[in-house]
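Shown next as structure tokens: one chain only, the form predicted on its own.
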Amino acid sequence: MNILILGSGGREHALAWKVKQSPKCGQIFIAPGNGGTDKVGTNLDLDAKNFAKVESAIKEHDIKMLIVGPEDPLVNGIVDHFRAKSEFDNLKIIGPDAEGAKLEGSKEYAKEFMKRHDIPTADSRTVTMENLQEITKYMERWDPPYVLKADGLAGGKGVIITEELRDARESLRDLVEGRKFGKASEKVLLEQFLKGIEVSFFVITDGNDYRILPEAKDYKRIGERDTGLNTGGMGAVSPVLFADRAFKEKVNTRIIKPTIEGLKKEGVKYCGFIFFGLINVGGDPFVIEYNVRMGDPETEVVLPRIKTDFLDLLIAAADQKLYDTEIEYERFTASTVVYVSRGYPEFYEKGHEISVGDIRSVLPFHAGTKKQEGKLVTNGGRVIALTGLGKNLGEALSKSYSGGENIDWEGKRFRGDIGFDLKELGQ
């Protein structure tokens, strides 16, 4: 089976690496891929948002399965594009249609969906130009911190959390009036802050049944001890020991099952991944956000922990036969540390040559890299994620960090405290 994976990040590199392990896998193509994905497949120089070019590639390379990595093509209807053409009736697609993708494409829609199906989440208000002044005044009634979220897609950076009312009001005006994130912040959610510890859950679903993948914990802030600006993710670990059997059962019964059932009730045909960004508040899970694809860099720790043939799961999902599958996890711990460019997540530098020494102790998943005149150079904010595997968190992290000592470029940056909070909890 020839497979096309759309995207260019560490998530797509990890997906290609995992899928390639299946005996059912033929050729793998990654579009556009990066400077590392060519080691597991063939990079295709095309934009995932150009559906006509994707269509041509599928025909040219006899693609039987399309895996859509990033959210943008899903929100903009790539699945609908192919489902509308009978010549692609036999193409297996992993990813929801545009209606299902609204769970991530609009935070307002996601909130209303959760309310309709009694899924626990924080209270919120939607802010637009029409009610900006009213909500700005209303904010006095809420206790800090203040959470502001751009309604649309903002590359993982559309969330602002501040302790000061004045800063929150300024940020709100900047988002709505100043269109800080363009169309994505035409609407903004003012959300109640929930105090707890975050954890990410993932499922693969065929729209009727689902299988729960290993959980993970992501670290979004650029600075150590979770300070500074939000990023696309600076590291992740799996498993998360505070997510014990009792907590997982609550997640399944209160959140995952009602979400799948809610989509069915509303007539949404959903085949693909759902990411549940959760917060554990005193042992009870609440939804912070949905994503309609695998998270990044969580994918880099989740996929290594899946023992089951991953392609078998994807085929079963596409064929609506997940009921006939089981999933088995590896028992080891996985950690990943993301090494980034100087200046990220704001203005960052590109084009620095990357020197790579002995990194055999880790799984390297490239993101912002490319080949240029025979050299590997930086080509993004998040450059590479190094995943370590070990019998416990300490051993896994030791590999992720020691691997980082053997890869370098001008301006390399990273967080030195990934997993710090879990180690303090005794994991």
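Quick note: we count residues from 1 along the sequence shown, nothing fancier. Small disclaimer: the values here were computed from a predicted structure and weren't measured.
The same protein also exists as the form predicted together with adenosine monophosphate; that form is not shown, yet it is the one meant from here on.
Distance criterion of 4.5 Å from any heavy atom to adenosine monophosphate in the model of the complex singles out Ile161 from the list Leu229, Ile327, Ile161, Met139. Only one of the listed residues (Ile135, Leu241, Ala122, Ile93) places a non-hydrogen atom within 4.5 angstroms of adenosine monophosphate in the model of the complex, and that residue is Ala122. Contact annotation: Asp151 falls outside 4.5 Å of adenosine monophosphate in the model of the complex, judged by heavy atom distances. By the criterion of a heavy atom within 4.5 Å, Glu191 is counted among the residues contacting adenosine monophosphate in the model of the complex.
Interface membership of Lys220, defined by any non-hydrogen atom within 4.5 Å of adenosine monophosphate in the model of the complex, is confirmed.
Adenosine monophosphate is not shown here, and in the model of the complex it never comes within 4.5 Å of any heavy atom of Ala98. Heavy atoms within 4.5 Å of adenosine monophosphate in the model of the complex are found in one stretch of 311-319, 286-294, 256-264, 168-176, which is 286-294. Counting a residue when any of its non-hydrogen atoms is within 4.5 Å of adenosine monophosphate in the model of the complex, the one hit in 195-210 is Glu198.
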